[in-house]
Each structure stands twice: as C-alpha cells, then as structure tokens.
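To begin, one chain is listed below as structure tokens, in the form predicted alone.
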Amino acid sequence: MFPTPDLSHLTRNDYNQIYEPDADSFLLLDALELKLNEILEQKPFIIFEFGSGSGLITTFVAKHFCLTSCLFFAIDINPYACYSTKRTFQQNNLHKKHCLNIIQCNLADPLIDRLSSKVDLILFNPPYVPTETSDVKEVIERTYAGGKQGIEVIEKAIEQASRLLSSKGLFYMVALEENNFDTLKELANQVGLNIDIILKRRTLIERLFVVQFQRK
C-alpha cells in the first residue's frame, strides 16, 4: 500500500474552506492503486483532476504513478482549493519533478479545445450528494451538492471527459449508490465511453463505488 501524501501543512482553518479528505477520497486512492499496472502501461503524460480540493489525489498520482516528469492540470472553482493544491504538491516535494498547472475554473470549460483528445488520465471525486440544485453559493456546499440525483456536475464531467481523453486515456471517478450506475452507464454510452465499477465500499452513511471510463 502506498503512503498517503503529507497533508500536515493543512489546518482546521483550511478545511473550513476546502473539502477535507474523507472515505470517498481514500476509496479513490485505493482504486487507483488497484489499477496501478493498467495505468502504468498507458504511460500517462498529461493528467487532469476535476475539483482538486486539498490536492491529495493529484499529489498521490504524481508521487507514485509517474516514473518520469508529467504535466498536471489541477482544476477547481474554489480559489482556496487551488492554493491548497499548490501547497500540497510543494509539501511533498513534487514541484521539482513535475509541472503543475493550477487553474480556477468550472470543470474544464476553458481547456476543452486546447486539450482535446490529449489527456491520458482524468481523476474526479465529484459533488455527488443528491440536492435540490448544484448551483449553490457557499464554498463548502459546492464540494458535495450534486443536484438532482447527485449527477448534475457528474453529467457535465462525463461529457467533457469524452472530449479530453486520449485514445487510450482512463477516467476514474467516485460515485454514490444514489447516483445509479445504470444512469451513469447511459450517460457514458451517449458520449462513446465504456464504464466499469472497479471498487465498492460501504461507510457508516454511504455506499460508494469507483468507476473507470475509457473510449469504446
């Protein structure tokens, strides 16, 4: 088991502004480790994370999955998350090996054309909790409010991933049982992606799973 990146630089004040890594975060780490050989076979160079938050996931991949220098894009609509991702990358001494581009934006909106069919690995722990709307004002609410069925943000991410992924690219995403795998499969099929569940876990309050998308 790979060690978790050092997050000791983040304080309670930071976690009042960004999502604090929880069971869903560590489930995604475990799923990535489970798929280590498959990911390494692809020799990813351009790696993209929707909603980087604390920077845990991007840093984990940079530390353990990239044998040579890689190009990372860490995206978050929250400026505090962008800053935290930068700090986490530096705390783990990865800024000397890899190139990290931190961009404050809504998913990949300004990058679709630039990175079309070029991204080898996409990562996303989305706001998946069913809520009345995903359009919320509070920073912390944005980390979990997924709108109707919890898939309003997920649906857009799947569509964007279908345009970003390289021919052999892989997309790993956390989902909640209420998001409904059949619904996710239909969304993936509509944009030419295959989807498979690769890991499941039940917590005290949630039933979570991680899915892998790739081109058909």
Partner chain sequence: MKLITHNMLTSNILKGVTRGFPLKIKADKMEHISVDYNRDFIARIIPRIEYDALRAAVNDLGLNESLPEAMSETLQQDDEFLKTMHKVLLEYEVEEGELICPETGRKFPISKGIPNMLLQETEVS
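Fair warning: this is a prediction, and the values are worked out from it, not measured in the lab. Residue numbers count along the first chain shown, from 1.
There is also a form predicted in complex with its partner chain; it is not shown, and the following applies to it.
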**Asked** Though only this chain appears here, would Phe73 touch its partner chain in the predicted complex if you measure heavy atom gaps against 4.5 Å?
**Response** yes
**Message:** My question is simply whether Pro130 lines the interface with its partner chain in the predicted complex - judged by any non-hydrogen atom within 4.5 Å.
**Reply:** no
**Item:** Contact label in the predicted complex: Ile140 to its partner chain, heavy atom within 4.5 Å
**Value:** no
**Asked** in the predicted complex, does Asn37 have a heavy atom within 4.5 Å of its partner chain?
**Response** no
**Complete:** Among 57-65, 146-154, 176-184, 40-48, the stretch whose residues bring a heavy atom within 4.5 Å of its partner chain in the predicted complex is 40-48
**Message:** Whether Leu111, Arg114 and Asp135 jointly form a contact site for its partner chain in the predicted complex is the question; each needs a heavy atom within 4.5 Å.
**Reply:** yes
**Prompt:** So which bits of 86-106 sit within 4.5 Å of its partner chain in the predicted complex, heavy atoms only?
**Reply:** Lys86, Cys99, Asn101, Ile102, Ile103, Gln104, Cys105, Asn106
